[in-house]
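Let's start with one chain on its own, the form predicted alone, as structure tokens.
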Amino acid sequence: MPNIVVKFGGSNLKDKKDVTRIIKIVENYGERLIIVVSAFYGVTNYLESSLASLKEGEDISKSVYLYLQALKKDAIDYHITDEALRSKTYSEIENCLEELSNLLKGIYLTADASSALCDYVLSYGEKLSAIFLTHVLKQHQMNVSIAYPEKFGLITDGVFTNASVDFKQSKESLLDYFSENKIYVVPGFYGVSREGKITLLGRGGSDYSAAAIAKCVEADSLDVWKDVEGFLTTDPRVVSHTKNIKYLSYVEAAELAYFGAKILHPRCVEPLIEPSIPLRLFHIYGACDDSNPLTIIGENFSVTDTVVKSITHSSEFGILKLKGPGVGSKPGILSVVTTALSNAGININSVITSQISINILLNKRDLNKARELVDISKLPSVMEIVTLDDVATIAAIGEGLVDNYGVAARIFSSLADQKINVRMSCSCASPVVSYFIVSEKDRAAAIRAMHKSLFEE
């Protein structure tokens, strides 16, 4: 039984030479692995734009086939020298591309671009990566097989685009399927409904699928290889002198991902909590060695001297403000609004209320639609509806944040010193998070001020 699940993302597959590092890493592990792979860098975005072209009536099925064929052929020729193995790889890639091209042609001819078909199309990026990597590892004399989620039964709740894994349904079949001491290569990003339909696990969902597999097979660890040096005290693109964070609790890591840290999918730690499987982060461009993770995420938690472990940020959130005398104490307003947004598939990230204003944190892409829905509802107590999209959310995250006095005051002081206005703030929604909303133009300055106050002084 393989005892480690290893995840390689699209950022590890930017260039054909990157695969050479993956080969060295896998050789160091030995032959007891389940490897979960993402699509080649940029391929999922390419497929999404291709679907958009199909919806506009443009037949791009052949051009998609030729583009992906050239991309894979270049990588295959570079890494596979055995003629028989190369021929077999070409054949499997061609079969996969034929399926994809026929599917795209069918969407074009029928004008049927349902969520089910879109999920099916987008899964091909990961399938192509898995076929390619399986044969590359065979070139290096490794005992390896490809394993498709539809074959081993990674069962989901059937929700297209953003499904959740049904662990009760999946566990037994996965334990049975992954029973040999060998290397399995799995295309990430998707599972299958009980009816056998492919359902995506959310954008960037390969992390989540790797964690789900780790839970089902009772892995010793989930090892995620990234092109960054683990979790840091903040975004190194904003602050050059960041520090590495050696250990995070599951809750801290989940909140960091939720509030903008792109290192992990926000739901990645969710399957690991109950079985207490550690998640270990490695740098793909560091030592090809699994003995020294840069960050370990696990069940233990600690309060550091700074209390805050990391500052993260996001420009994806905007604010829907419902203003009017007494809206904060009027029964039923939030119920009507949240029901309308839920029915429209709009996720509410946070709600902050006062006597005269209800402030709802949403993804910026949903703001205008949400405003229309509230306006249609004709709530008598709501006198004005305002949307704010020129804002950024900055979150300070660390165990003990709520229980240790003075941290929030220090943050507010650091921002005041730079004449940065906090437009909204919230603490205690989670015991490890305080977040602050500032103008987008102040985002970088606010992060630098907070980082200096917390980690440098």
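Residue numbers here begin at 1 and follow the sequence given. These figures come from a predicted structure and were not determined experimentally.
The form predicted together with a small molecule is left out here; the points below concern that form.
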Identify which of Ile76, Val228, Leu97, Ala113 has a heavy atom within 4.5 Å of the small molecule in the model of the complex; exactly one of them does. Val228
Which of Arg86, Lys105, Lys262, Lys171 has a heavy atom within 4.5 Å of the small molecule in the model of the complex? Lys262
Partner contact check in the model of the complex: of 262-270, 369-377, 151-159, 336-344, the stretch with a heavy atom within 4.5 Å of the small molecule is 262-270
Give a yes/no on whether Gly326 approaches the small molecule to within 4.5 Å in the model of the complex, heavy atoms considered. no
Should Leu232 be classed as touching the small molecule in the model of the complex when contacts are defined as heavy atoms within 4.5 Å? yes
Contact between His140 and the small molecule in the model of the complex at 4.5 Å, heavy atoms? no
Looking at the partner-bound form in the model of the complex, is Pro275 within 4.5 Å of the small molecule by any heavy atom? no
